[in-house]
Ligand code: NAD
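What follows is one chain in structure tokens, specifically the form predicted alone.
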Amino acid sequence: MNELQGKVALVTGAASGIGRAIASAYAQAGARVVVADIAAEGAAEAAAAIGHGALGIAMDVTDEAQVDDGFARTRRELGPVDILVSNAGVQIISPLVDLPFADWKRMLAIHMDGAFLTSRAAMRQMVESGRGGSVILMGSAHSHVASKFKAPYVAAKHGLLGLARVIAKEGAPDGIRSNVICPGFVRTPLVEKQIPEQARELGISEDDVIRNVMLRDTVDGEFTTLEDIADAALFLAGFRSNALTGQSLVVTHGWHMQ
């Protein structure tokens, strides 16, 4: 991955889980990494653990000022952003008829508003630098399929496909590519939290949630791993041309096949 040597990569939601795995992989590939997370201490701790000069910054991706300030700090300290991974996200499990409107708005703000604000900030720097870059949005298998009790999550993840395609078209003249990674179930704290929640809603055991809900349609009954997603993010960030833009890369152990 020599294409990442010296590049500046900002990853949101990177204090733990998928974001941290991607940030670590980028740092090991020679990128100068910014670990952005709503938890300031978590971002600093993750950056220290990743090493390679990684920078930890606090960023609430739903706050326009915080996003713009975080990108401005990145440019001052490391240079303009070459790679954005918009990964910050949460999950709320609820039947649609019981879902509070506040929860709906919170989910869309984090997933959709956050992707818009960080993509806009990254694109501005990519255009100004004249180097182009790669915008990677973290979708989900739920960017293509639906599941019960996840209305705002499914809606938001579907929306990221449309956003990425617009970025791909608008960014192409400036060498900016945009793609979506669509993981299956990765056993992060976010997914661990869903297991008992879905067991309660469906009236089944937690083992049944894992075997017969989460992994039922995979080809091997295996969770997608952090390494699987980090490898996909390395591939997309280092791709050399606009031949691969406006696409979604589904990483699900065959759960969803395009």
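Only a predicted model underlies this, so the values are computations on that prediction, with no experimental measurement involved. Sequential numbering from 1, following the sequence displayed.
The same protein has a further form, the form predicted in complex with this ligand, not shown here; the description that follows concerns it.
Enquirer: Counting only non-hydrogen atoms and a 4.5 angstroms cut-off, does residue 89 reach this ligand in the predicted complex?
Expert: Because a heavy atom of residue 89 falls inside 4.5 Å of this ligand in the predicted complex, the answer is yes.
Enquirer: Does residue 18 reach this ligand in the predicted complex if we count a contact as any heavy atom within 4.5 Å?
Expert: Flag for residue 18 set to yes.
Enquirer: Is residue 62 close enough to this ligand in the predicted complex to count, meaning some heavy atom within 4.5 Å?
Expert: Yes - in the predicted complex, heavy atoms of residue 62 and this ligand come within 4.5 Å of each other.
Enquirer: Do residue 135 and this ligand come within 4.5 Å of each other in the predicted complex, heavy atoms counted?
Expert: Residue-level check for residue 135: no, no contact with this ligand.
Enquirer: Within 4.5 Å, heavy atoms only, one stretch in 72-80, 162-170, 92-100, 177-185 touches this ligand in the predicted complex. Which?
Expert: Heavy-atom contact with the partner occurs in 177-185.
Enquirer: Is every one of 116, 145 and 249 in contact with this ligand in the predicted complex, taking contact as a heavy atom within 4.5 Å?
Expert: Looking in the predicted complex, the three residues 116, 145 and 249 all stay beyond 4.5 Å of this ligand (heavy atoms).
Enquirer: Only one of 189, 51, 203, 196 gets a heavy atom within 4.5 Å of this ligand in the predicted complex. Which one?
Expert: Of 189, 51, 203, 196, the residue with a heavy atom within 4.5 Å of this ligand in the predicted complex is 189.
Enquirer: Note that this ligand is not shown here; using its position in the predicted complex, name the residues of 125-148 with a heavy atom within 4.5 Å of it, in sequence order.
Expert: Read in sequence order, the residues that approach this ligand (within 4.5 Å, in the predicted complex) are 138, 139, 140.
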